[in-house]
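Taking the form predicted alone, here's one chain by itself in structure tokens.
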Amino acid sequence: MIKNHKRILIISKSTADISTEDVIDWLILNGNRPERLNGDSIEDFKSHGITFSINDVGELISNTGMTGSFYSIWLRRWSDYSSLIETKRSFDNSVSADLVAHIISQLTRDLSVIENFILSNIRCVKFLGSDNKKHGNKLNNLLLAKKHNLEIPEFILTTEKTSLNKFFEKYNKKIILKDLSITFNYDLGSNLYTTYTELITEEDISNFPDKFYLSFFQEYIEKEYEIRCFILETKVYSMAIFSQIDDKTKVDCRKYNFQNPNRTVPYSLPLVIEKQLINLFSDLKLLSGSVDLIKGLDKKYYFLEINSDGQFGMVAECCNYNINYEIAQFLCS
């Protein structure tokens, strides 16, 4: 029996997003009928007919049912534009690779404008989630974390080999190179190439030219373990990941060892660290998101980064946290 008629909209990446499905299950179990828009539905024009327009009083209307106002909206995750890979493959050899690259780049920019337009013109009482393109600036977040008295690994942005060498020596020849934005993926035939956080060696630096593209280097912190948190309002759900005992995952735990997975356990951060993280989220006007930290061998907790549309499924499943239920409660209560 339907007990609740509040309009709830969920914006997800795709129909295959498991966390979205789990939250929807809880909403339906509690008598709600959430509406849903998937990012890949907007991109996949061959399978989905979608039209957006403006009515006589200047409201956004569409054939997706996104008319009027909602009680709550959960921006689970926008599309990552992965369907554009298929669009890229659809061009035959008569179209130059350079032109294809320009077309894909233009489509990506246009989709970003459309997403912003949709988000700016749907109304709700409660909004949960954030576009990572908006809150995912690692540099801004590092500085803001430091203002909230969280420890951060020192970093440098430089184009110069001489500056890099000084930074390298200052931190005992242990520094890392990492992406500043999303992970770089390159699809070449049947192979997918991707970037990871990597230690930089003396040999690497000796092979660098004197001048190179502005790059982000960070002090390498020797750790006891990593900590992945999911924050929902003022609740912090934390998980320790013992990635340092496996050479494959020691520097970047995303290099999963499927034969011998890292041990993961529920974890309680010191209350002062939780408070600092909640205050950081408050400054960013974030109600939810994931945070990566490490516990150093020096016993300090180091803030690494925020993923505002980050996955929480692993934290929930491995640590038996009922995050899906808590999100459903936020949306309908």
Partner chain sequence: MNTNFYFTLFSNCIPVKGAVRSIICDLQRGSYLFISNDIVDVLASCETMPIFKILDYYRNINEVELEILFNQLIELNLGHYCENPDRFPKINTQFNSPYEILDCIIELSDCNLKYIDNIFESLTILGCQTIELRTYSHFSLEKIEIFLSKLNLTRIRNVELIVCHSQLETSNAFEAILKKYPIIETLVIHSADIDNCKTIGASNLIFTTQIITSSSCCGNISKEDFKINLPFYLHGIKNNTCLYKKISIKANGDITNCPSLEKTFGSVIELSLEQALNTTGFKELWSIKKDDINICKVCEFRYICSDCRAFLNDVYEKPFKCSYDPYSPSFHNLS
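Just so we're clear, the structure is a prediction, and the values are computed from it rather than from any experiment. Positions refer to the first chain, counted from 1.
Separately, the form predicted in complex with its partner chain exists; it is not shown, and the next lines address it.
Not one of 115, 118 and 124 places a heavy atom within 4.5 Å of its partner chain in the predicted complex. In summary, among the residues 32, 264, 276, 290, the only one with a non-hydrogen atom within 4.5 Å of its partner chain in the predicted complex is 264. Contact check for residue 26: a non-hydrogen atom falls within 4.5 Å of its partner chain in the predicted complex. In the predicted complex, its partner chain sits within 4.5 Å of a heavy atom belonging to residue 299.
In the predicted complex, its partner chain sits within 4.5 Å of a heavy atom of residue 322. Of the heavy atoms in residue 284, none are within 4.5 Å of its partner chain in the predicted complex. Exactly one of the stretches 86-94, 140-148, 234-242, 203-211 approaches its partner chain in the predicted complex with heavy atoms within 4.5 Å, and it is 234-242. Of the residues in 278-296, none comes within 4.5 Å of its partner chain in the predicted complex through any heavy atom.
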